[in-house]
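Just the one chain here, the form predicted alone, laid out as structure tokens.
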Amino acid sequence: MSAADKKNVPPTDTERRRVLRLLGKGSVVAAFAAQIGAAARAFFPNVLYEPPTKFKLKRPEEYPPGFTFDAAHRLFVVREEDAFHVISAVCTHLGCTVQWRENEFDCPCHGSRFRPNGSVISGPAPRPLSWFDTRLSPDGFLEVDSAVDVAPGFRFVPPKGQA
């Protein structure tokens, strides 16, 4: 466009072009800002999808002597007379569920074997099975906190009349 042509262009066309140019640049900037905002939002989830670490099981009197598997929470509740303890059924090697067989825990995935107290007998498992904190809830159920590990040998004895 020559200088003479520019002089002949009405001012409304020049103004319109300037506004359209600003709108185009603004939409590109807005699109980049929206992408950055969406990426940053991904780091702040508004829902936590982890199961609760504290949960109730059955009443103490409902457990027979010996090992009882709780599939919903992947753990074993062990009753020895009136004392209880809870051992994780999650193998410390790759997270498979161990099974109680012939006085020991066996991992069906890679062959780890554990003693009744959870210590490793053999296999690729790097550490023993976890023991969880066990208490009696106010309404009389066994309550387990899987976020709190206790020492092997821990026993919970409910008050008389509760077991």
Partner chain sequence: MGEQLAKLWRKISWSWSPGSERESSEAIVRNLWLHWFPAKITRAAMSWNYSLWLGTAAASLFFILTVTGVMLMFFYVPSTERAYGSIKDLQYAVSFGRVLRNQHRWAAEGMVAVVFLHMARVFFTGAYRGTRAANWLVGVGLLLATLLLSFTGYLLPWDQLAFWAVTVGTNIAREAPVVGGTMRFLLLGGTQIDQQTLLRFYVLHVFFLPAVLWVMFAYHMWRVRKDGGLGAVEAIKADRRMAPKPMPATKSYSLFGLTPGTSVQVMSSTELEAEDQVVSSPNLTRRIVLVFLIVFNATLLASIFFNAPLEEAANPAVTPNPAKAPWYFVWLQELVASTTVHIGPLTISGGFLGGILLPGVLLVLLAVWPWLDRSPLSAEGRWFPSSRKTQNRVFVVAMIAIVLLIVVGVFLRGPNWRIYWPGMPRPQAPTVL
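Predicted, not measured: the structure shown is a model, and the values here were computed from it. Numbering follows the first chain given and starts at 1.
Omitted from view is the form predicted in complex with its partner chain, to which the following refers.
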Practice item. Name the residue from Arg135, Arg113, Lys54, Lys58 that puts a heavy atom within 4.5 Å of its partner chain in the predicted bound form. Key: Arg113
Revision key, fill the gap. Assert contact residue (its partner chain, in the predicted bound form, non-hydrogen atom within 4.5 Å, options Gly95, Gly37, Gly26, Pro64) equals Gly95
Point to revise | Any non-hydrogen atom of Ala31 within 4.5 angstroms of its partner chain in the predicted bound form | key: no
Check your understanding: Is Glu50 close to its partner chain in the predicted bound form, meaning a heavy atom pair under 4.5 Å apart or at it?
Key -> yes
Review point. Does Leu129 make contact with its partner chain in the predicted bound form, using a 4.5 Å heavy atom cut-off?
Key: no
Practice item. Mark Gln99 yes when one of its heavy atoms lies within 4.5 Å of a heavy atom of its partner chain in the predicted bound form, and no otherwise. Key: yes
Review point. Going by heavy atoms, what in 61-83 lies within 4.5 angstroms of its partner chain in the predicted bound form?
Key: Phe69, Ala71, Arg74
